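Coming up is one lone chain in structure tokens, specifically the form predicted alone.
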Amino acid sequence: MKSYDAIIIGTGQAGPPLAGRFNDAGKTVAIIERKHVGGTCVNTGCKPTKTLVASAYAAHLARRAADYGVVLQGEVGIDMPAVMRRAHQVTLDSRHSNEDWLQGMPNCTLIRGHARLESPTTVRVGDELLTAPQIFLNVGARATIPDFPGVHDVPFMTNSDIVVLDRVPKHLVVIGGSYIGLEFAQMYRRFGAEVTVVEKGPRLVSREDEDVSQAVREILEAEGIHVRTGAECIRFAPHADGVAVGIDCTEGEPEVIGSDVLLAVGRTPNTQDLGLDTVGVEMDERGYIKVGDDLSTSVNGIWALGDCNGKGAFTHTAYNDFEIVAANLFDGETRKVSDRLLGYALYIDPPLGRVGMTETQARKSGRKVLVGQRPMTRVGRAVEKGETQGFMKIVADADTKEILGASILGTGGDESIHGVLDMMNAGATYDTLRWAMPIHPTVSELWPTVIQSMKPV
């Protein structure tokens, strides 16, 4: 049995930097990975998908070249193997960088294999036993395979499969009208595929306000993507042209024939084969590890970080989990998950940037609410770029002047949302943002104007 000061299971966005803190403190740490170093973000999430989004945007912009007075000869073509190779190289570079980093730490041991807890201080990896007084679970999540009729009778892809696809599907049917599904839907439409999005609920991205959902749908449909919502009885069957997808929507044809199917209906935590029940680590009904505000589990000396704890499904929330644990263990602080302010983005084009409450949530909170909104057609930077789809919206408390949340569906939305996010983190009132002097011409410069347009709702 090999002894360490700490054992980390999983090399996602929280594990390696935590290993770095132990290493820098002169403590020995083992970090275990059964597949690819870097977790979802590096291998099947952010890195490859945002690279693919960039290629799809380049194709889209090339097709619009005449709008900018640029003349191209012939049709815009897609070399999908080259697109895929570019995305895969970005993944490999990031993965190898993480591997080199971990292997270069003098007090860190990178171990390959499947880890399983045998006691609160003991981990088995194959025939090897490791022990440490502190164990950190950073095992991530995977695509959920829904229990739809016929799903196992037909070929399908998840996000892990489609990021290495080296061809353009004839007709891609995306099951799931939320963040992952919509990103791939627009991407492959721009690569040249016919695309249908099938969503069981009444609207796309249902966690957002209805006006945001509707605007997202209009953006996608304007590019020729078919959107089918209210799909109550989703089912699959083999078909001569690929896969028959039964949807039984309230309107439209009851069946869609696709050459390929992408399942994007949610994520499942990778907690089923860690031996958690053996040592008494509590999980909820969906398999997420229950954690306290400091990310500790029900077992003393064991923490859970990243997607597997259900406290966030983003790279930045996983990294913030690391920051919280590291600050508490090494810096004498008392950081808590409940103190953080969640921001996120939907990476269609134009992107949706979000922080804090939606307008709907603010209204339900019982507060006196102010809402300001401005269409992107009134944003000079958007007009200059020829990208005027979407709108900006901010929500505030009328009594306290607290900024409650904001949405921006528009060019640069994933970046300009940070002007509001930073103000909210600093505890500033909307008056502070109102009197800021942003740079012109930018999208962010409109936030003071949006604040001035706020009205009671």
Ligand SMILES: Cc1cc2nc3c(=O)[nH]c(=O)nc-3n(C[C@H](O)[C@H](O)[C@H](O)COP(=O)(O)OP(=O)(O)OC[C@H]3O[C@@H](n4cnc5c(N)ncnc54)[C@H](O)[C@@H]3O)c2cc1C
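One rule holds for the numbers: they count along the sequence shown, beginning at 1. Please read all numbers here as calculations on a predicted model, not as lab measurements.
We do not show the form predicted together with the ligand, though everything after this point is about it.
Figure note: of the listed segments 417 to 425, 32 to 40, 387 to 395, 400 to 408, the one touching the ligand in the predicted complex, with heavy atoms no more than 4.5 Å away, is 32 to 40. Between the options 314, 191, 148, 156, the residue in contact with the ligand in the predicted complex by a heavy atom within 4.5 angstroms is 314.
Exactly one listed residue, out of 195, 382, 348, 274, brings a non-hydrogen atom to within 4.5 Å of the ligand in the predicted complex: 274. Within this chain, residue 61 is remote from the site of the ligand in the predicted complex, having no heavy atom within 4.5 Å.
Using a 4.5 angstroms limit between non-hydrogen atoms, residue 336 is distant from the ligand in the predicted complex. The ligand is not shown here, but in the predicted complex it comes within 4.5 Å of a heavy atom of residue 140. Mapping the unseen interface onto this chain, residue 121 falls outside it, with no heavy atom inside 4.5 Å of the ligand in the predicted complex. Residues of 1 to 20 that come within 4.5 Å of the ligand in the predicted complex, judged by any heavy atom, are 9, 10, 11, 12, 13, 14 in sequence order.
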